[in-house]
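Take a look at this one chain, the form predicted on its own, written out in structure tokens.
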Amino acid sequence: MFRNQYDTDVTTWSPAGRLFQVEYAMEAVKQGSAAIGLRSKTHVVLACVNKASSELSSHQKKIFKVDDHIGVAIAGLTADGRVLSRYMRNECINYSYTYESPLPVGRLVVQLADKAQVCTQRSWKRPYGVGLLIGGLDESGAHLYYNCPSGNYFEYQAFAIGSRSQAAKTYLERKFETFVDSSRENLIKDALFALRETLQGEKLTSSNCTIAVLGIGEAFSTLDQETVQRLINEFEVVGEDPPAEASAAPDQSDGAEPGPAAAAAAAAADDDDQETPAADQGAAPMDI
């Protein structure tokens, strides 16, 4: 499975100036289930898709609380994400104990990026195969950062990572200019709409997504399933079911053949049913 002789060691450069094992770690992030982050002046919203490795298992937690003012959503290897979230939690506790004030979000992100970079420069280590969306609130306002396995970090107004995240990015790019002045409810609404874009035909419910909110006067917390389902119903995020049964009843009563519109709708529904398993077959084992 090796691409060439330059990917057996993380410290070996290829003639083209590439570190293949770092690129493989970044590919693991793309194979993980989607995670989305948005921020306004006062709030940060993190959302993720809950996907189990099999029908007999439950999904793994993808959003972690670091401190009252910081939370993180991950995509990729969940085990690596747990280790890094524990490291971030310890850093926040140590800083608070020493200085009696919350750790600034930017400083924590830099420390996490330095920790990830060390794993790209030691032959006996491997890069962390997880990407992190870090949302936080400090004296300078709300922040949303993305930490890459390569050790790079970027600040965003809104961002999405994981499998099928490009559809969510397209939605966020159309709407991001309105996020700065958005209210808490509107941010959650846009997060749910962006999350729905990553499902590609699947129905968005409270059982297959997780939403966490952080804001001024509101500590980081994960919304319960009842609240998420109520928000989905209020915002009408769930896509409309194809009116197959409604159109079939009049046709059967009149004894007439289905019209071209009904036939087109049925054909589109069949195409969606055929495409959904194909997308699931491409998911990696860590896509949980």
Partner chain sequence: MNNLIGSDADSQRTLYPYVTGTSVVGIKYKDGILLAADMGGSYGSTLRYKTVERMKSVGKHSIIGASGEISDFQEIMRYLDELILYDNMWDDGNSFGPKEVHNYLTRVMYNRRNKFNPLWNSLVLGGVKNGQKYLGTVNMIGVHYEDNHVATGFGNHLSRPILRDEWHENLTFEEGVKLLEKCMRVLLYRDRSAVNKLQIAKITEEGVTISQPYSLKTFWNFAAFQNPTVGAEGSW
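Positions refer to the first chain, counted from 1. Everything quoted here is computed from the prediction, not taken from an experiment.
Omitted from view is the form predicted in complex with the partner chain, to which the following refers.
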| query | finding |
| --- | --- |
| The partner chain contact at V110 in the model of the complex, heavy atom, 4.5 Å | yes |
| Any non-hydrogen atom of E177 within 4.5 angstroms of the partner chain in the model of the complex | no |
| Heavy atom of G151 within 4.5 Å of the partner chain in the model of the complex | no |
| Heavy atom of Q166 within 4.5 Å of the partner chain in the model of the complex | no |
| Candidate stretches 200-208, 102-110, 169-177, 154-162, one within 4.5 Å of the partner chain in the model of the complex by heavy atom | 102-110 |
| Partner-contacting position among T98, S183, Q121, N90 - heavy atom within 4.5 Å of the partner chain in the model of the complex | T98 |
